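One chain follows as structure tokens, the form predicted alone.
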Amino acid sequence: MDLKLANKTVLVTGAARGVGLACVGAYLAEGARVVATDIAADAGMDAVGALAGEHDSGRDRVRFIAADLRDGAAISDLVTQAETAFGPIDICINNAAVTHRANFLDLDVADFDRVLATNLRAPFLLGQAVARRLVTLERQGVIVNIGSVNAQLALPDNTAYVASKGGLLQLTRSMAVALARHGIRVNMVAPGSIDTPLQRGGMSRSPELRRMVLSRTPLGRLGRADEVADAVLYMSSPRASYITGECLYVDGGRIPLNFTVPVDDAALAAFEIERDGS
């Protein structure tokens, strides 16, 4: 299926690894021009550069710009630099996020503020900046916010992250209804347990934790970053032209699950083999 994304200008945040990096590769494969950004300057430059070399004319169609999205001025500069590189932004993917685990009673307000600054305030500021330019230029566009199943599901030791993702869901809905008259669609893609370095690092803490993660996922495995990227591509494409204000969960069936499911020992063994070989 042709997603009609060739020559679109796409901005992807949190692009140094995981889902963000997978989105960069997916858009390059569709013929889009991509501005990738991350606070991790060296890692982002290396990862995006290596990925660009895997696609035809990839190095001509991608730019990496280091930016701290907690800084409003940096966001404004990022939008300007993106336009200078490839023209007006057609699609904005708000993927950058951080987490902080702590018992609720011990959670420091500085850590709470830091998580919300990256996970909620930055998507608001960047989405607003991109939308303002689209309205000024009288262009239609798309914003996709990368959320989480934790927009609905709570965690006792990750309060700030859960609050940020719940807020992002409502921000997405509010943006969608506010911007619809301008021809700007806004949706959220919400992953479950995805096979990223962060997820594997957490699951590596104990066999019990690995079994617990798989027991809450009916499909019985971790998702892949490219599976999330595929959902992002669809939601940002003209194929989804009548969808706005929605959340697409890419979670292996976790949201509707009311009980745990049996865990296949082979899936646990496969995790161990892949982890040890990585």
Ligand SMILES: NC(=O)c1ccc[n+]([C@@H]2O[C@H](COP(=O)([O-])OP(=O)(O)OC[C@H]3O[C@@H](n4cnc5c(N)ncnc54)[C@H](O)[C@@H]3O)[C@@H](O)[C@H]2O)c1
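In this text, residue numbers run from 1 along the sequence as written. Fair warning: this is a prediction, and the values are worked out from it, not measured in the lab.
Unshown form predicted together with the ligand; subsequent notes refer to it.
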Report whether the minimum heavy atom distance between G14 and the ligand in the model of the complex is within 4.5 Å.
-> yes
Residue contact check: A180 to the ligand in the model of the complex, 4.5 Å heavy atom = no
Using the partner position in the model of the complex, report whether Y161 sits within 4.5 Å of the ligand, counting heavy atoms only.
-> yes
Contact test in the model of the complex: D230 vs the ligand, heavy atoms, 4.5 Å | no
Listed range touching the ligand, judged in the model of the complex by heavy atoms within 4.5 Å, from 102-110, 133-141, 84-92, 191-199 | 191-199
Heavy atom within 4.5 Å of the ligand in the model of the complex, from candidates A50, L209, A40, I243, belongs to A40
Contact residue in the model of the complex, from V35, M235, L28, L69 (heavy atom within 4.5 Å of the ligand) | L69
Scan 72-106 and note down the residues that get a heavy atom within 4.5 Å of the ligand in the model of the complex; none is a fine answer too.
-> N95, A96, A97, V98
